[in-house]
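Below you'll find only one chain, the form predicted on its own, shown as structure tokens.
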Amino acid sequence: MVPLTGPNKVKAAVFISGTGSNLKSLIKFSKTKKSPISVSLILTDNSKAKGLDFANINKIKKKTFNFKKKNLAEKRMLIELKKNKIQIICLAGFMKILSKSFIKNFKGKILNIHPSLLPKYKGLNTHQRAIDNKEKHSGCTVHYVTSKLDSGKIILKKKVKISKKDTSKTLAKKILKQEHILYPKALLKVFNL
């Protein structure tokens, strides 16, 4: 990882596909003194992603990429990342799977937040699956991205109790609250702060 010196923060790109609530919390965190990152770029595969509003509000550069031609989209994304001197990528509700070559090509680090206690419940519909299996806990995990879905080295996890009344919606809400706390903590850990 790039060493941090003084006020120089590491330039981060956040990839989103939807509402961007984790993006919002990462932007808020990046403006604090203790944050090792500054959010310099927001990339999305969805031009209607609500999270792009946070790019506008915070005057952060944003770009949309069409994933119909994945290889082309990834090539263009890599060019954009290099051009903006991005050193770390935070996936925050980015609903596309990045190719092996993209992950290899981005020599910095790629982090992701996943709404379950990995290695349990990789992929989608995590909350419903946890409830259906009568789990007592679920939670969220920040991990490094590898070419295998939700399988990279775990940085931090946070447990959330599942109550008998929980639906996938209420559980998602509870876990999302914890995601907003966990992602910044994981970044501090990555930079050994």
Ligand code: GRF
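The numbering used is simple: start at 1 and walk along the sequence shown. Worth saying up front: this structure is predicted, and the values here are computed from it rather than measured.
Another form exists, predicted together with this ligand; not displayed. Remarks below refer to it.
Asks: Within 4.5 Å, heavy atoms only, one stretch in 67 to 75, 98 to 106, 81 to 89, 111 to 119 touches this ligand in the predicted bound form. Which?
Replies: Of the options given, it is 111 to 119.
Asks: Indicate whether P184 is a 4.5 Å heavy atom neighbour of this ligand in the predicted bound form.
Replies: Output for P184 is no: heavy atoms all beyond 4.5 Å of this ligand.
Asks: Tell me, yes or no, whether Q178 is in contact with this ligand in the predicted bound form, where a contact means a heavy atom of each within 4.5 Å.
Replies: No.
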